[in-house]
Each structure stands twice: as structure tokens, then as C-alpha cells.
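One chain comes next, on its own, written as C-alpha cells: the form predicted on its own.
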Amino acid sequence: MTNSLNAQGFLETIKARRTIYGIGKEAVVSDQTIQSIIEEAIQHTPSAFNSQSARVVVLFGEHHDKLWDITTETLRKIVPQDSFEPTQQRMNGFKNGYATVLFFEDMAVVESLQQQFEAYKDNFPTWSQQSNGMLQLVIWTALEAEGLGANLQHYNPLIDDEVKQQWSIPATWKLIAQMPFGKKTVEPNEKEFKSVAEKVKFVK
């Protein structure tokens, strides 16, 4: 099968993906398109030993709102009340989005591989995280390609127990990250880059 997307086109899409905090609830694409993006991404993102240990839950509508209410109330218990307003505004910004992707790793899969391949036992948790990071990038970039803005958050493990209870998440699934997304209401600032020469070495 011939792929019509060349390397430059792929890299342009990667470059367009940015952290967008200004997101709104207006639908940009259909829920079916979003579902397709998630399903294709999780099927084709690589994983060590083809473990396929990544798991995803996508929260729409009132479920999305509930997640950020849970997070707000969890943080309210640990952030001083007299300085909570910036946190509240941040939570409101996430809740203003259209939906949220929750990223998990099924630790039962990781532990099974550790038992099967003793020599690599210490590596499997790291490889699991690396694969999940790739999945996050794939989904984030695909959402960007459809005109959606997204950002990546890490309120785990603070919200883990309540999230699992609220949405009947299996006990072996470990929450890794949360990605609220929606219609872009702001554009990102210019990004500063270190010199490529500081980061890459070519040996011929």
C-alpha cells in the first residue's frame, strides 16, 4: 500500500502540534472521528515485545466535566484556600474543553512480561512508559491535524482512586496522563528552540 504522506508532510504536522490551554466545548469534528483517531492510534503505536499494554478512556460531555470537578475538589484539599484562585482558573480552563483522553498502562501486562523475561525485568516499566508517551504524541498530533487544541496534564496519583471508582476502571490500570482537548480559543506563543547542533550528532 502506498502512503501519500511523505516525511516532510508528517514533520509539518508534528511541528504544528503545540500545547493549547485555550479550548472550548464547540464540536470541531464528530465524535466518530475522534473515536477513529483513538482506535487507530492505540492499534498502531509500537510497544516493547508488542505488549500493547496501553489503555485509553475518552470522557465526553458530563463525564469530561466530572473529571475536572473531581480534580478541582481533590486539589482544594491540599492547596491553601487563600491561593486557590489560580488553580480554580486552571481547572475551569480544562473543563471548558470538549472531552478528555485518559491514558493508562495495564500493569498486569507489564508484570506478566517481567515474569516471562527475567533478564529484562527492570526494563519493562520504563519501556511501558515510553510506549505510552508515543501513544500520547500520536493522539495529540492527530487531534491537531483535525483542528483541535489539546494539552497534557498529570494529576495522577492524586485522582487515581476516585477516577477508577467513578468510571469502573480495572484495578490493574495505572493512570499515566490526562489530555483535555477542544476547539482552539487561543493560539500558542512562539516557541524558543535550542540549537539543533546542541542536540544532534551525525556520525558518518
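All residue numbers refer to positions in the sequence shown, first residue = 1. Quick caveat: nothing in here was measured; it's all calculated off a predicted structure.
This next part talks about the form predicted in complex with a small molecule, which is not shown.
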- Indicate whether the small molecule has at least one heavy atom within 4.5 Å of a heavy atom of I42 in the predicted complex. no
- Message: Within 4.5 Å, heavy atoms only: does T19 come near the small molecule in the predicted complex?
- Response: yes
- Interface membership of L152, the small molecule in the predicted complex, 4.5 Å heavy atom rule: yes
- Task: Give a yes or no for W140: in the predicted complex, does one of its heavy atoms lie within 4.5 Å of a heavy atom belonging to the small molecule?
- Result: yes
- Where does the small molecule sit in the predicted complex: which of 47-55, 34-42, 152-160, 62-70, heavy atoms within 4.5 Å? 152-160
